[in-house]
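In structure tokens, the next block holds one chain alone, the form predicted on its own.
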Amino acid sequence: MKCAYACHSPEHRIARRGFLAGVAASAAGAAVGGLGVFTSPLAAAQLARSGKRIVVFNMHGGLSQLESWDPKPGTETGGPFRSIETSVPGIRISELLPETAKQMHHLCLVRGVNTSEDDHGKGAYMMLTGRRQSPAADYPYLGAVCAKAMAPADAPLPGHIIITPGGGGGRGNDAAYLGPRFASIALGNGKPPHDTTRPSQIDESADQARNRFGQHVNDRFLSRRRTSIAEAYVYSFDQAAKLMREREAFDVTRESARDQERYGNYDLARHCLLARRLLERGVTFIQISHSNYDTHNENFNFHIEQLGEFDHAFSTFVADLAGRGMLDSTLIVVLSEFGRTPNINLYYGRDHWSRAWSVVLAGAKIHRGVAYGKTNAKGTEVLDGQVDHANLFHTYLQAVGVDSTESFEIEGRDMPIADPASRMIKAVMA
């Protein structure tokens, strides 16, 4: 199916499956510093032993809450799809998610999200940083915060990974003042990063000698002129060497044929299997991108296609983590930059809608098998349990044991981890 659905914003002048690159830009900043209470060796060691992780499913473009988590069948805004029972009596979701419905006892639906921002770029920034975009300051994305606060310094794999079709191993600009060390690495198509094998014309002994010499030169330079830029360069080089040694961690073909078949032979399925593989190897934060849900045209046909992909891969992923005992230590988040309008336009589409939509949580310290918040009969406003991007950002971090009221120390200055004017959603915390 081919849909001409996008809203022609700058973010959608590129390919629908490449949307991430248009919204992930934020300036890399200065040297990294400490993290308040977590700078003590004991606290840092305890956090490392807890092995907490976050996986974000980023449904680019704006997933329709009415065709997913908060259906309104039988109303003038509800569209053609029914709601169905889930594994939790009384909680119903769209019939487009039949396999996910069977996993509802692991999930927490947050149905009262109101961010009041209908711009793609600004909405995406808010949902991934917990702050509104401002020319006065740039903030690190959730993945960078998690890598800084949670990833062990000697981890063999990066702490902040984005899996997206077309990703080739390059670093993003999403760490702001935390510095490039905590920026994302983009992977794609369920394959290892590019250029992570030693050139065939260089034998192993020559490569080792070259690396030893490089290390000697770097150490000498840093002993005389230590700067944040030099440290970031050395760290990037060291991490590249680690990636070469750990290359097989990114190769989903090493998973069993049965698991590859269970997940499926398409991008999102391979990406979910890759995420599971990386979680088992200690990666702290993984973001999985699913393609642009900006359905101004043909909303219903498009959601049949896209949610069919999502439903199978996501439900398999959740069931796997639960079955392997990993859900207690892993927070799963399903988000967009906003939802879709209750009103159905003349092109059978739904437009941008940020005043009453849904986010899904699962695992870690989150209550399971619950729906928090309520919208009215037509889905036009939140009646109960209203939350926003800042509340959610605090909640993500608190769910994995990071005190979001703390601060990072950046060059002697305290930088709050999350919006100090906001707080977590206590009602969803177990």
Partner chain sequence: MNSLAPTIPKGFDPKQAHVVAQWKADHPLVSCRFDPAGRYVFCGVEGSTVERFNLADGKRVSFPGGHESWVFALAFSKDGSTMISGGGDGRLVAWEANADRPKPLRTTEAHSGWIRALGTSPDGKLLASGANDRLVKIWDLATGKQVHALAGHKGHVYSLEFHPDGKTLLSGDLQGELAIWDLASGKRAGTLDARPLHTYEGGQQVDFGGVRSIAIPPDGRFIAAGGLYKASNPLGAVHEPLVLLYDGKTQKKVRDLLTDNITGGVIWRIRFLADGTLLGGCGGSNGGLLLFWKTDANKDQHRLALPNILRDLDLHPDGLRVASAHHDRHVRITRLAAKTA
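Keep in mind that what you see is a predicted model, and the values were worked out from it rather than measured. Residue numbers count along the first chain shown, from 1.
There is another form of the same protein, the form predicted together with the partner chain; it is not shown, and what comes next is about it.
Engineer: Which single stretch, out of 338 to 346, 211 to 219, 102 to 110, 150 to 158, brings residue heavy atoms within 4.5 Å of the partner chain in the predicted bound form?
Structural biologist: Looking at the other structure, the answer is 338 to 346.
Engineer: Only one of P80, G323, P89, G170 has a non-hydrogen atom within 4.5 angstroms of the partner chain in the predicted bound form; which is it?
Structural biologist: Flagged contact: P80.
Engineer: Looking at R181, R276, H312, H296, which is the one with a non-hydrogen atom within 4.5 Å of the partner chain in the predicted bound form?
Structural biologist: Going through each option in turn, the one that passes is H296.
Engineer: Can you check whether G121 is within 4.5 Å of the partner chain in the predicted bound form, heavy atom basis?
Structural biologist: No.
Engineer: Considering non-hydrogen atoms and a 4.5 Å limit, does the partner chain approach F300 in the predicted bound form?
Structural biologist: Result yes; F300 sits at the interface with the partner chain in the predicted bound form.
Engineer: Wondering, does P98 line up within 4.5 Å of the partner chain in the predicted bound form on heavy atoms?
Structural biologist: Answer no; every heavy atom of P98 is more than 4.5 Å from the partner chain in the predicted bound form.
Engineer: Closest heavy atom of E85 to the partner chain in the predicted bound form, within 4.5 Å or not?
Structural biologist: No, E85 is distant from the partner.
Engineer: Even though the chain is shown alone, can you say which residues of 394 to 428 have a heavy atom within 4.5 Å of the partner chain in the predicted bound form?
Structural biologist: Counting only heavy atoms within 4.5 Å of the partner chain in the predicted bound form, no residue of 394 to 428 makes contact.
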